[in-house]
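Take a look at this one chain, the form predicted on its own, written out in structure tokens.
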């Protein structure tokens, strides 16, 4: 795959992340209205993200006693930046990618693993109890998210004999990885939702902590933090489409159209989990992860190797 110019890569990633965040916000509002029985209001979801953003922008920002203002302000930007890095390595088509590197899978995994860096300051820097507990909760459970996530990604590199995402997509020409190694996609999506703390694994910002790391945030800061979380969900969906659903491969439609359709489909699934699946207790999730998810992820890698042989 050819490498695009720097300005085009930055503009393309920014546009893709912006579109992904908007689609995720619309899907969140539409599914929420439908589940609540407000079917007449589901159609208003298209303008809902803009109304919510405008409301947050005019709100005053919450303050606490002796916060670390710089770290508090920087955390959402870092989280959004990591999501953008993750999106940048996912190819749109065979010849279109923002960052074409031989170890794109490793770069994506690194961006996911580094999410702990902005999440902790977002809770700690407000100098408030509940956000701090949410930050420590994410630190305590980070490996429970990252291990299944990274092992699921590792499994797709085995059939392709490569860590380059273009090679991984091409290796699915005859059979998608979701069929070849069926455990991979569910494990990847579930663990990925934990890294974005969304849906049933919304633990650092859970309701039991009054909002967790974002309990003291409001206004533009809350808008930026929410945007970062939705951007991370979009990055996870894009990688899922490329690594497990054949990326740009598909009949009739252009490759870019197939990649967009698959990404949006996974994004809707992830966003909908917030309204359709009950939240798991933190200690129960850790047990489930180490006793069930990680062993299954290891089995998935073994299956991928056996299929390749």
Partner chain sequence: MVVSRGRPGGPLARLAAGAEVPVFVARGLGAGDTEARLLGTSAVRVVASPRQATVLVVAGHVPPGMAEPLARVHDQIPPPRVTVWRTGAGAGALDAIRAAWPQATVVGPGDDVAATVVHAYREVLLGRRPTEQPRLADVEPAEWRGVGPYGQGGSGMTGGVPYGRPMAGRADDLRDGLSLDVVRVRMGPFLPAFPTGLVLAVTFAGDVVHAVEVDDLLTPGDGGLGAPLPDDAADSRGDPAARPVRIDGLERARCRHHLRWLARLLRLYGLEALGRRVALMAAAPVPEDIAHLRNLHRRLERAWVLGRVTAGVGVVTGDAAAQWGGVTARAAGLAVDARSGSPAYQALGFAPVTHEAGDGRDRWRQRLAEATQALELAGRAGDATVDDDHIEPAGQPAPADLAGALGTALTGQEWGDALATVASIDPVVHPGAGADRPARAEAAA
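A quick note: this is a predicted structure, and the numbers were derived from the prediction, not measured. Residue numbers count along the first chain shown, from 1.
The form predicted together with the partner chain is left out here; the points below concern that form.
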query: Site check 96, 164 and 255: each within 4.5 Å of the partner chain in the model of the complex by heavy atom; finding: no
query: Candidate stretches 166-174, 232-240, 81-89, 208-216, one within 4.5 Å of the partner chain in the model of the complex by heavy atom; finding: 208-216
query: Any non-hydrogen atom of residue 26 within 4.5 angstroms of the partner chain in the model of the complex; finding: no
query: Contact flag, residue 180 vs the partner chain in the model of the complex, heavy atom cut 4.5 Å; finding: no
query: The partner chain contact in the model of the complex: residue 38, any heavy atom under 4.5 Å; finding: yes
query: Residue 66, heavy atom within 4.5 angstroms of the partner chain in the model of the complex; finding: yes
query: The unique member of 73, 147, 107, 130 whose heavy atoms fall within 4.5 Å of the partner chain in the model of the complex; finding: 130
query: Residues of stretch 264-281 in contact with the partner chain in the model of the complex (4.5 Å, non-hydrogen atom); finding: 274, 275, 276, 277, 278, 279, 280, 281
